[in-house]
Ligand SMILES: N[C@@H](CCC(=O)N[C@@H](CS)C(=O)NCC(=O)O)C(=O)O
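Next comes just one chain, in structure tokens: the form predicted on its own.
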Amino acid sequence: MALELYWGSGSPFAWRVMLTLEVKGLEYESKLMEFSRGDHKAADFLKLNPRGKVPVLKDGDFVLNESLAIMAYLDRKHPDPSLFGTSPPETGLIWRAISETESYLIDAGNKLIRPIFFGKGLEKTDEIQEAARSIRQELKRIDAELADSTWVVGTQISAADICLFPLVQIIARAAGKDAAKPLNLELLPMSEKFPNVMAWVKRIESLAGYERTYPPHWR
């Protein structure tokens, strides 16, 4: 029975799972949820995830939500290629990188992305600029680490890359919006400010199956 993935266009967390499926070469049935129609709040979907959020993976009778949990499940069930490390040190470094993304980039990203995309809270310029400063600091740190490395951890793509990548893409998209221009975010052009990060972005974009993961409403 094919895997079923319930996802939403532009959700960085759903994007993580889609990248995981493509990197592992796994076939799955796409269940695109339309947020504007309230698909994620429909009764049938709430039976799968009472929180009403994507992603949700269905593997036969087994149903799982939360992106990191889904990634770990897929990696355990389909271990080649390994995304969470092949040695204790590598696993530790991958989880450290994931934890840094979760702890330091997601919250700042939300404070910047949501006002720009949805137009609510744009008057909170100090909060948005502080978020932008935090993002710049994190991206500078990652850029320095990628100066001598192809991937965030180790010699092949890992869960550390997959967790970080959608956030970088969405931050870049938000920074390029008209609503961002008066905010002095100092994030663009990313190819000049964070050249190693953007070279890493290009490497992920060149992966087989990447185009299938790209948010359709961005095209």
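In this text, residue numbers run from 1 along the sequence as written. Quick caveat: nothing in here was measured; it's all calculated off a predicted structure.
One more form of this protein, predicted together with this ligand, exists but is not displayed; see below.
*Asks:* Does this ligand come within 4.5 Å of any heavy atom of residue 31 in the predicted bound form?
*Replies:* Contact with this ligand, no.
*Asks:* Residue 152 near this ligand in the predicted bound form, any heavy atom under 4.5 Å?
*Replies:* Flag for residue 152 set to no.
*Asks:* Please determine whether residue 67 contacts this ligand in the predicted bound form, using a 4.5 Å cut-off between heavy atoms.
*Replies:* Heavy-atom contact with this ligand at 4.5 Å: present for residue 67.
*Asks:* Check residue 41 for me: does it contact this ligand in the predicted bound form (non-hydrogen atoms, 4.5 angstroms)?
*Replies:* Result yes; residue 41 sits at the interface with this ligand in the predicted bound form.
*Asks:* In the predicted bound form, which of 190-198, 52-60, 23-31, 175-183 comes within 4.5 Å of this ligand (heavy atoms)?
*Replies:* Looking at the partner contacts, the answer comes out as 52-60.
*Asks:* Listed by sequence position, which residues of 186-201 have a non-hydrogen atom within 4.5 angstroms of this ligand in the predicted bound form?
*Replies:* If the 4.5 Å heavy-atom criterion is applied to this ligand in the predicted bound form, 186-201 yields nothing.
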